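Just one chain follows, in the form predicted on its own, and it is written as structure tokens.
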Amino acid sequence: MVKKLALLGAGRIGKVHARAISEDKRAVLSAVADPMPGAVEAIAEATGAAVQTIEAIEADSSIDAVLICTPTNTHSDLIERFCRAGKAVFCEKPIDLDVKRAEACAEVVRATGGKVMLGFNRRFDPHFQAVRKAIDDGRIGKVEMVTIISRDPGAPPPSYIKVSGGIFRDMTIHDFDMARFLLGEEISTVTATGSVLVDPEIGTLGDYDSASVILTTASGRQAVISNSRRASYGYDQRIEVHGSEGSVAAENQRPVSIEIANGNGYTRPPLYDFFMTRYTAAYAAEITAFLDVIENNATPSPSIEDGLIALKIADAALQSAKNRSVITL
């Protein structure tokens, strides 16, 4: 039976998910809600979805699931609301900017038996999936160290910084989830440093634009994360996992993978310069995974618990950077 989905939020990520839904024969986008005119009508026209209010979507028993692509400060309330309505939920990260509020939300999900999947799309990137498969297949032995480099082409505007929750909750949180995904063990300690090297206004707003983090597990496995809000050469996304018998790495991706050699040396095309083009395949794959959850009544992954743990690591990183200390989780 074709599943009926509703989209809450018609911004740029909402458009991406709407397209992914339309490309899967198992689902149809039945409704879309957004208070801003223009964008919501564009998605409705492109997909055939009806423009409805959140209240109407909540009351519509024919809708099986919702995708929450609204501002972060609405996530917890909407997750709880639609779990109580008996609908499966896909929600963009983070659950909330406040750990206690996120914990309360997770408790509602548990109490209602809700199916909630968090939007940590990088788990579904085919290159990072291949890294994980090499680990699972035992090709590099036991994991010992993970290195994650994640740098944006440019800093967001101050208006975004004011509501983002800071670099650790907004940007590094993806890397925290990826570190857990690759280490195979939970994080025990967090050590972080932060600097303002890109835009002084970011520092004025109380945030960092450059950060380094070391995560350790109880057995001593380590993950080192390097973040920057500026990479003049493009969207820098690299991973390396070192193991007892070898290593596996995922390199940066380019729109065209060629190399030209001539009298000027070796040159390659520039990197992708936007996360929505770099992770196009990942966004599509995570919606496929969400539909698998709905269709097969499977356990969502990444789950609400994964989102909660990543947020707790982000808070620990911020505390560590401010106090110049090692934080034990």
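The first residue of the shown sequence is 1; numbering continues from there. Note that the structure is a prediction, hence the values are computed from the model and not measured.
The next section is about a form of this same protein that is not shown, the form predicted in complex with a further copy of the same chain.
Contact with a further copy of the same chain in the model of the complex, defined as a heavy atom within 4.5 Å, is made by all three of 245, 255 and 271. Taking a 4.5 Å heavy atom cutoff to a further copy of the same chain in the model of the complex, the contact residue among 231, 85, 108, 97 is 231.
Here is the short version: of 249, 163, 205, 104, the single residue with a heavy atom within 4.5 Å of a further copy of the same chain in the model of the complex is 249. In the model of the complex, a further copy of the same chain stays beyond 4.5 Å of every heavy atom belonging to residue 38.
When a further copy of the same chain is considered in the model of the complex, residue 200 lies well away from it, no heavy atom lying within 4.5 Å. Interface membership of residue 189, defined by any non-hydrogen atom within 4.5 Å of a further copy of the same chain in the model of the complex, is confirmed. a further copy of the same chain is not drawn, but in the model of the complex it has no heavy atom within 4.5 Å of residue 277. Note on the interface: of 234-242, 110-118, 73-81, 86-94, the segment with non-hydrogen atoms within 4.5 angstroms of a further copy of the same chain in the model of the complex is 234-242.
Contacts between 309-329 and a further copy of the same chain, taken as any heavy atom within 4.5 Å in the model of the complex, involve 324, 325, 326.
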